[in-house]
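Just the one chain here, laid out as structure tokens, in the form predicted on its own.
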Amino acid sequence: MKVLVTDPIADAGLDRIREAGYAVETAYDVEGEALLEAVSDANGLIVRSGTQVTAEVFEAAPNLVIVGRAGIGVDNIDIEAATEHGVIVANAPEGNVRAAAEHTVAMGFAAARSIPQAHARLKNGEWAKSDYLGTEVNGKTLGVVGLGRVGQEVAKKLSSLGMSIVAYDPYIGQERAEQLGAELVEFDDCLSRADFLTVHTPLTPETKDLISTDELETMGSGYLINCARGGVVDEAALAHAVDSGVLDGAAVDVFADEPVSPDNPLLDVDDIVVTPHLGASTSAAQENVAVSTADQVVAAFREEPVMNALNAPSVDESAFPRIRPYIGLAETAGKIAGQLLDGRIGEIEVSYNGDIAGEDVELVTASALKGVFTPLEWQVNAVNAPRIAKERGIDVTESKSRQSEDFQSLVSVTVRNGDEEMTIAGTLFAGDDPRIVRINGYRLDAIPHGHMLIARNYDKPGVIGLIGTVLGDGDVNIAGMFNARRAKPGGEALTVYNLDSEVPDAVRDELLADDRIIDVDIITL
């Protein structure tokens, strides 16, 4: 497995990957055809903001498992294309939160106290003390647009300095805002009440130029700070607002186009403090994001949950040990169900009973879908399985119940094609030993492993002996056998055989030629 790194990251991250046993190749500043060639044999790709990971990149990298963004913003990565190709996209949102928050606070103070301007004039020999009358933050109102990780950290820091906090974020609940000491308000209210407004939203089509002329007029005065993403604030409108006195000042660390061009209007306004995207530029932050990104690449290679995956189910690290055994169980149940149902699958239901119903099972459900689709020869994994279901018009439902009649936890996968359905239910024995305990109403205790023959037959003397004889004559050894019947003797029965090798077609045909055998299915796990 090889990891391609196209933007510089701290050596600690590269060492982490090498220590895990994987190769690292660095190719900084590559683009265009050179990037496509470099990524063609890569299994992992690590970037910062300098590399554009487009649909062409995913087309050129058939073996790519994960793209790791060493930082927060992922607007340089085509996540839709990644999902279509089954590639995980993960960022490192925690590693530079403190650094970004501290820089935001510093930029606010720099703008409010005219620190860079006074510094430059003093360096030039001017004692301009009377030209600068600063603004204190104590008793003022901080408006936060986007109360995510960095926004929350900024709010905490400035709240401790005597600021009142109002926030706009349509994706956060009132209870969480109150825990942070913030009043959750509408967008215009946040703007109009803010003495200092700090922006912490990603750049999306919806947030591009989110704050422009009208919004700056709504603010009316005060200071705007943008250390989040360039393009969220209309740069020409902000330059005009500060230059004309609508705002008292601004501080900007991020730009719509980077590196910033000399004719950017923000550079010409003295009361706008600018820095060249330094929010995450501390040694601690650089090491943190590098190590976090490397750990996620390693997790993806080992088929473990990627904690900060943006397009794949993720799970809290503390909860993962509890659900980990059920990931493989659900995938296996899905594989068996998908192979046993005849016809086109139109609906998939994944049910959880008992203790497992109290867990976050999104990753388990995605694994069940992966299991259903894998025998159909679609290129599928837990990243694109939900998308495959949607594209093919397959309804997916998930149900939970803390009640379970016979088992501490039970995972069931049901596939339907309209009139018919197939349900496979599984559980774990002794903590992590998987068992299939129900197949469409038949109760049994089968070990899901390797080659399996599932025979449905009439419960008559000699049938099991016949199956054993035919398999033996076909040089197929039986490793285990599990038998079940629904009702009284003489009715239908079902038997699961674990086999040491594949079943030749001739053997299957010989079994089906006997009137006592209703159906025979060959499953390979």
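Fair warning: this is a prediction, and the values are worked out from it, not measured in the lab. Whichever C-alpha set is largest while still superposing within 1.5 Å between the two forms counts as the rigid core. So that there is no doubt, residue numbering starts at 1 and follows the sequence shown.
We do not show the form predicted in complex with a small molecule, though everything after this point is about it.
- Partner contact region in the predicted complex: 224 to 232, out of 364 to 372, 298 to 306, 224 to 232, 111 to 119, criterion any non-hydrogen atom within 4.5 Å of the small molecule.
- Listed residues 352, 168, 326, 196 were compared with the small molecule in the predicted complex; 168 is the one with a heavy atom within 4.5 Å.
- Interface residue among 313, 386, 434, 148, judged by heavy atoms within 4.5 Å of the small molecule in the predicted complex: 148.
- Under a 4.5 angstroms non-hydrogen atom cutoff, the small molecule in the predicted complex has residue 253 among its neighbouring residues.
- In the predicted complex, the small molecule sits within 4.5 Å of a heavy atom of residue 72.
- Contact annotation: residue 202 falls within 4.5 Å of the small molecule in the predicted complex, judged by heavy atom distances.
- The small molecule in the predicted complex comes within 4.5 Å of a heavy atom belonging to residue 206.
- The rigid-core alignment places the CA of residue 148 2 Å or more apart between this form and the one not shown.
- With the core held fixed between this form and the one not shown, residue 331 has its Cα displaced by under 2 Å.
- Once the cores line up, the CA of residue 297 ends up less than 2 angstroms apart between this form and the one not shown.
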